[in-house]
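There is one chain below, alone, in structure tokens, taken in the form predicted alone.
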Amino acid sequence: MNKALRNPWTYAAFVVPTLLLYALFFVYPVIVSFIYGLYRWDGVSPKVFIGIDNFKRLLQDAVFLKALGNNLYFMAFSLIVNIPLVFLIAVAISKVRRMRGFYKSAVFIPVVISTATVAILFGVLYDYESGLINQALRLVGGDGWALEWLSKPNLAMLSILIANAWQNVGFFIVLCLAAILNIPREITDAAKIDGVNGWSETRLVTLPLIRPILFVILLLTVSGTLKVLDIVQIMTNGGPFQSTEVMSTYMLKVGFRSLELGYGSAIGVAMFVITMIMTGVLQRMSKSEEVQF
């Protein structure tokens, strides 16, 4: 066994297939998308080379810029609301002594539900006539309290954000909770001896020690909100009046409905570049270091 592990071909047998799959399903599509972005093409007729005109068009496309703004709105909500909520719920569960496993399972259940199911479920809940939310509001304040959650431009995006948060925060809660429970008891006991209790313990001990995990959650949140697609596509399809249009839904409409595959590929490349820039900036800004106990 030791002789096999010293053989470099042993490592190549495991690494090379992974690299080939990575190149096939990630590197190759990115390169092909960039190449297609240099052409005007409907998928049937011969491609016409137009250089970087498709990429220039992005900067003048009001719909694309609005979609980008909606992605940034999605990101801001997730960073300002979801991540603090994840941390607080994880801390609360970590303080529970009884039925902790039940609470962990309860918050994680939405994660295993498909996004299509979540979108349909919340679509039913948001229904103006028969939705449970409006039925409850009518019981409190009458018909005047009922809202058109997915039909009003100022409410549609918020409605999607709530549904998306309900589905995804459970995964991050479990990550954060695992990091909290991994903190050695000696550290927390020493902090209590020094008079650090309650919220002070959370702020001075727990938060600094789980900072690397929080940064991972931050990166996953940023990349996820920049490529969000399915929940928006099913709940509103970018409407009403493009108030919930995001880059992914716009790319699909341009590429497969308008049959502008070249311009759709340019949008895909722009999404990739924006995501890489955002994650790169976060990594440069982050001063977190690996914590060793």
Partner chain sequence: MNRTAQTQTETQMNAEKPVASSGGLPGRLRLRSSQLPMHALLWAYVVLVLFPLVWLLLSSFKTNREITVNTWALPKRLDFANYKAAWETAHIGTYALNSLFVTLAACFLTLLLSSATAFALSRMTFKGLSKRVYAFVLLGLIVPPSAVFIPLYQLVTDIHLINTLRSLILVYCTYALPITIFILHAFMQSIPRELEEAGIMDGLEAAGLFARIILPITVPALVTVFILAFIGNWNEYIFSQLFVTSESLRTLPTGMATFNDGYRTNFASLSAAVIISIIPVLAVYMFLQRQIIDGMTAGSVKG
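Note that the structure is predicted; figures quoted are calculated from it, not measured. Between two forms, the rigid core is the largest collection of C-alphas that superpose within 1.5 Å. Numbering follows the first chain given and starts at 1.
Same protein, other form: the form predicted together with its partner chain, not shown, and the subject of what follows.
- prompt: Exactly one of A136, L158, I187, L207 has a non-hydrogen atom within 4.5 Å of its partner chain in the model of the complex; which residue is it?
  reply: For this set of options, the contacting one is A136.
field: Joint contact, D194, V222 and L282 to its partner chain in the model of the complex, by non-hydrogen atom at 4.5 Å
entry: Judged in the model of the complex, none of D194, V222 and L282 sits within 4.5 Å of its partner chain.
- prompt: Do I80 and its partner chain come within 4.5 Å of each other in the model of the complex, heavy atoms counted?
  reply: No, I80 sits far enough from its partner chain in the model of the complex that none of its heavy atoms falls within 4.5 Å.
task: Give a yes or no for Y103: in the model of the complex, does one of its heavy atoms lie within 4.5 Å of a heavy atom belonging to its partner chain?
output: Y103: contacts its partner chain in the model of the complex.
task: State yes or no: in the model of the complex, is some non-hydrogen atom of D230 no more than 4.5 angstroms from a non-hydrogen atom of its partner chain?
output: Taking the distances in the model of the complex, the answer for D230 is yes, it comes within 4.5 Å of its partner chain.
field: Touches its partner chain in the model of the complex: G238 (any heavy atom, 4.5 Å)
entry: No, G238 stays farther than 4.5 Å from its partner chain in the model of the complex.
field: Within 94-112, the residues that have a heavy atom no more than 4.5 Å from its partner chain in the model of the complex
entry: Result: K95, V96, R97, R98, M99, F102, Y103, K104, S105, A106, V107, F108, I109, P110, V111, V112.
message: At a 2 Å cut-off on C-alpha positions, does Y28 qualify as shifted between this form and the one not shown after fitting the rigid core?
response: The answer is yes, as the C-alpha of Y28 shifts between this form and the one not shown by 2 Å or more after core alignment.
query: Any chance the CA of V16 moves 2 angstroms or more between this form and the one not shown, core superposed?
result: After core superposition, the displacement of the V16 C-alpha between this form and the one not shown reaches the 2 Å mark, so yes.
field: Core-aligned C-alpha movement of V140 between this form and the one not shown, 2 Å or more
entry: Yes, shifts by 2 Å or more.
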